[in-house]
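Before any questions on binding or motion, here is one chain by itself as C-alpha cells, the form predicted alone.
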Amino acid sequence: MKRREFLSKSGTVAGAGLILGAPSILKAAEGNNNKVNVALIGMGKQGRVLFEAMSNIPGIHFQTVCDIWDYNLDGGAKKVQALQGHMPTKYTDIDELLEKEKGLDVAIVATPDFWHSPHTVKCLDAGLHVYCEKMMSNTIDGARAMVRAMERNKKLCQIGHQRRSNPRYRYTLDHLINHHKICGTIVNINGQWNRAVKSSQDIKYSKRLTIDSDRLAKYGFKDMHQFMNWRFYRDLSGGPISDLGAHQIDVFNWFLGCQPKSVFASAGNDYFKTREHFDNVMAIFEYDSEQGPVRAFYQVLTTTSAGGGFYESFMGTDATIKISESAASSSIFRESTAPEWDDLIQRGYLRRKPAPPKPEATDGISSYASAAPEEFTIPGVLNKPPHQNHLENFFASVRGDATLNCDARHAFESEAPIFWVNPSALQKEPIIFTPEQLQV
C-alpha cells in the first residue's frame, strides 16, 4: 500500500472515530460531570503500568477490576482504593463483569496476547470504547476481528502503540522529516531491541499463590508456569518479534507511511532452547515508499544487551535520525555534504553536540572512511510515564476532544507484516506480500 493510500485510509477511520465518539461524550458530560467509568481488564504487570499512567489523568473513575489471578485482582483493587478512596467491584470472569456492571464507558484490556481479541470484541459488542495493549492478537485473524468489531459497533478502539502519541516521535516525523526533509532521502532503516539473558529469564511465582488447575484450564493455560510465561508459547503470543519488535516495526511503517512489500527473516533458539518461540530474530523488510525503495533491518535479541538497547534509526542521504523512548538514546547525525542547519539551530529545532575527535592520521583505514557526521540532539524531554500521552489521547477522543492516534484499523495495517516474520524464519524463505495477507 502506497503512502497516500495508507495515510488517507488511516485518516478517514480516525476521523470517523472522532465523530463516532460523540454520543459517549454527551453521555459522560450530561450524566457524570464528564467522568469516564472504566473497567480494568487484566491487572498483571502491564495492567499496573497502564493504571499508574492513568492515575495522572483527571476525570477517570475506576469502577471495576477483572483478573483470573486473585493476587493480581486483590492487589489491583487495593491500588484503585488507595487512589480514589473506595474499593472497585472485582471479577475473575469478564462475561460476568459485562453482564452485571452498569454505566461503564471504557475498558482497558491488558490481558495476555491471545485474549486481546476475544476480550476487546466482547467489550466493543457490549457498547464500550476500548484501549487494548499491543500486539493486537497472537493471530492475524484475531486482529481482523478487532477491526470489524470496532467498525460494527461504531466505538473507539485504540491500540497501545504508545510511541504514536510520544511528543518526540511526533515532532520528529511532522517537523524534521516531513516538513524540513532533514534526512534528505531515507534509504535504509535500522532498529533493534537487545535484552540481556538476565532480563529474559522465566518469571517465578510463589507456590502458595498458585491458581487451581480448573481455573487455569478454563482460561487457556495448561499450568502455572505457562500462565506466568505465556510469551514463550506459540498458541498464546507472537514471541519477542511481537512482544518487543511490534512497537518499533510499527514506527517503521508509520514514519514511511506505507506497508512493506516483503519480509525475509532468520531466527533461532540459540540460548533458550526449550522455548517454543525464537529467542533471537533478525528480519529485513523491503518498501516501495513515495520517496523510493527503502530497506529496513530489525533485530530483537534476548541473549545480549550489546549495541545500545532499543532504538530506531532512519538513515538518509543528508542525515540519520536515531530515535528512542529514551532521550539519551536519541540523536541526529548530519552528513558532511548536507545543507547547513544553522537556521534550524537558531530557531531551536536542533541543538549541536560537541564534534567527535578526528581519527588518527596514522590509521591506514581512516583514509577510506567517511568523515564523522556532526551530532545534534532533539530538543524536549517527555516528563510523563511512557504510556500516559497515548492514554490521554484515548480519553480525549472518548470525550470528543481529539482523534485517536492509533485506532484498530490503522494499527492492523501496521501490524499485519509482523505476523509474517515468524513464518518466514520457520520456512527460511522470503515472503512477498499479497494484498490479502495485509488487509482486514
Partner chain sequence: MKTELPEEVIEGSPRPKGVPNLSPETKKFPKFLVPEGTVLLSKDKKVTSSDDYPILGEVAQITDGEKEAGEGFFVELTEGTQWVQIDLEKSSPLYAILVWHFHSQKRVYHDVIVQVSDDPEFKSGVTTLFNNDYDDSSKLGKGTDNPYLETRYGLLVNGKGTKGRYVRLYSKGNTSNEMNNYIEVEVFGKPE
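Numbering follows the first chain given and starts at 1. Just so you know, these numbers come straight off a predicted model, no measurement behind them.
Absent from the display: the form predicted together with its partner chain. The rest refers to it.
Interface membership of Pro385, defined by any non-hydrogen atom within 4.5 Å of its partner chain in the model of the complex, is confirmed. Mapping the unseen interface onto this chain, Arg231 falls outside it, with no heavy atom inside 4.5 Å of its partner chain in the model of the complex.
In the model of the complex, at least one heavy atom of Leu209 sits within 4.5 Å of its partner chain. The shortest heavy atom separation between Ala328 and its partner chain in the model of the complex exceeds 4.5 Å. Proximity to its partner chain in the model of the complex, taken as heavy atoms within 4.5 Å, picks out 195-203 from the listed stretches 123-131, 313-321, 254-262, 195-203. For the marked spot (Glu52, Trp69 and Lys78), a heavy atom within 4.5 Å of its partner chain in the model of the complex is present in each of the three residues.
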